[in-house]
Structures are given as structure tokens and as C-alpha cells.
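Just one chain follows, in the form predicted on its own, and it is written as C-alpha cells.
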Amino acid sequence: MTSSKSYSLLELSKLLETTLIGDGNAIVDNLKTIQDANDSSLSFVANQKYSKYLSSSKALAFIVHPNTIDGIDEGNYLVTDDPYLAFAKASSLFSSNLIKQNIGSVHPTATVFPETNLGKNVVIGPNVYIGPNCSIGDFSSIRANSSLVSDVQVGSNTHVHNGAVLGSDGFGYAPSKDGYIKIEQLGSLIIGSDVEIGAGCTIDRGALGDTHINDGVKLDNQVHIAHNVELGSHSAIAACCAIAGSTVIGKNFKMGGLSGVLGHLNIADNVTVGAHTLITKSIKESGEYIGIMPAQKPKDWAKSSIFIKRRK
């Protein structure tokens, strides 16, 4: 959706905390990539390899690092040591999203249990289901087709994208001679503030204790977090990852796509897990961990598997 907002470069330089070089009265009304920009666009160069497009881009102004325009005398620039951060802030300024404008609403097709506690300016989208014993903090949003099944607390300024299922039953069964006996899930799911949960994510409430997603966590699409997990503040997890039950993860945890963490583990603060990596043991030291096996032809894989077995 196109934004109808416009800003002078002088206004933007203050809002984005950048240094203005050029015409402060120039007006921009959209944010575009450097290749797709038009003559009223603000664009940005966060990666130096794109600086080669500066001379050919139609953009009216650019967010850049000081080194990017070293020796350039013409043009309009918003200069900062972190262009990508300034771009992120600019994206919010140009957003036409009602959620970002703090306009609260509950869609008429949503189902919200009467005892649900909704904070101010909460947005509840179409076909949302909010079950018993739930609460949602100020300026948060639950987008279309999502479910808060039961016993879910959501903090302020937290956004749940389409089709997420929160507070579902954890995977708990006791084997018996007659099959599996279900362990009823009696705990809650507690989600902090400034959290973003991607489309199609599933997060289980606790079995006896609670599942905790702490402040500032960002989850990509289709992430699964099992019951009684504690995920530390300001963690970021890419798509199609899974964390098994009762694992406790420290703050600033980063996880590449298609990765997993087994259950009942403890992970230290400031751990980064590479894409397609399986964590099978507790991690006590901060740092980067990766265990990727690249795709190979079957014959080459057979040789590699023999080598791996010998290394054990």
C-alpha cells in the first residue's frame, strides 16, 4: 500500500537523527530501493556494493554512510553511521499501516471471550479467535486468522502476524499398555513487550509452569516453540526453526533458518546458531555454533558419512 505522507529533508534529518547534506526544503513522499526510486523518493545505501547505483538512481535523496559520499559534491543525503537503522526508522514514517498509527479496532468477525483484557489501541483482525484467560497489552495487534487459544498474556507494542497459533496444547503424553495418555496442559504462555511473531508461528502454553517469550523477541514465519520454553529477551529466530520443550535460552539468541534445539537444554546468553544446525547439548559459552552438511551427490554423501562416523 502506498503512503500518502510526505516530509521535507530537514524534517527527516531530525526524525532519523542524521546529518543533512543538500536541500532541506526538498520533499520526498515515498521510500524505495535505489534501483526502483523515482524523482520524489528517499532511498538508502546500507551495503557498499549498491553505491555504484548512486549516479544512475532517480531518487531525490539517499540515506548513506559518510564513506559512501566521500568526494561527492552534489546531491541530497541524510548521513549516518548506521544507514540500515535509519532506513528502518524511515519505513515506519512512511507506513500506511493502521497498527502503526495506533488506531485501535476489533474486527466484527473476531471472536473474543468476554473476560479478555484488551489494552488501549489494540487491533484485532478478521477471523481472530481469543479464548479464555487472555490479555493483550496497549498498542498491540493480533492479525487475521490468528488464535490465542487459552491462557495467553501479550505485552504492549507486540504484533502477531497472520495465522499464528499461541497458547495451544504442548506435546505431552504418558505411554501406557493401552496407548498414550494425554497430559493436560495447565500452564500459561507469557509474551513480553515489543515482540513480533511471524505468520504461521505456533507457541505452546506450559504443561504446569509457563512458556515465556521475553521482551524484544523477533520470530520469523513458521517458527515452533514448545511448552515450557523460556526464550531470552531480544532474541531473533529465522523461519522454519523449532525449539523443543523445557529448554531455557538466554538473551540475544540468534538462530538461522531450518535450525532446531532439543528439549531440556540450557543455552547461554549471546549465542548465534547457523542455518540448518541442530543443537543437541547445552551451550555454556557465548559465541557462534554451526553444523551444516552441504547437499552432495549420493556417492559423495556416502563417503562423507563414513568420515563422520570415524571422527566420533
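Don't overthink the numbering: it's just position in the shown sequence, from 1. On a predicted model such as this, the values are computed, not experimentally measured, just so you know. Throughout, rigid core stands for the largest set of C-alpha atoms superposing within 1.5 Å between the two forms.
Beyond the structure shown, there is the form predicted together with a further copy of the same chain, which is absent from this document and is the topic of what follows.
At the 4.5 Å threshold, heavy atoms of K58 stay clear of a further copy of the same chain in the predicted complex, well away from it. The shortest heavy atom separation between S282 and a further copy of the same chain in the predicted complex exceeds 4.5 Å.
Contact annotation: L278 falls within 4.5 Å of a further copy of the same chain in the predicted complex, judged by heavy atom distances. Although the partner is absent here, H65 lies well away from a further copy of the same chain in the predicted complex, with no heavy atom inside 4.5 Å. Site annotation in the predicted complex: the residue of L118, V79, I190, V165 reaching within 4.5 Å of a further copy of the same chain with a heavy atom is V165. Taking N214, N157, S135, Q222 one by one, only a single residue has any non-hydrogen atom within 4.5 Å of a further copy of the same chain in the predicted complex, and it is Q222.
Interface residues of 119-133, taken as those with a heavy atom within 4.5 Å of a further copy of the same chain in the predicted complex (partner not displayed): P126, N127, V128, Y129, P132, N133, in sequence order.
Residue displacement note: D23 has its CA displaced by under 2 Å between the shown form and the other one (rigid core superposed).
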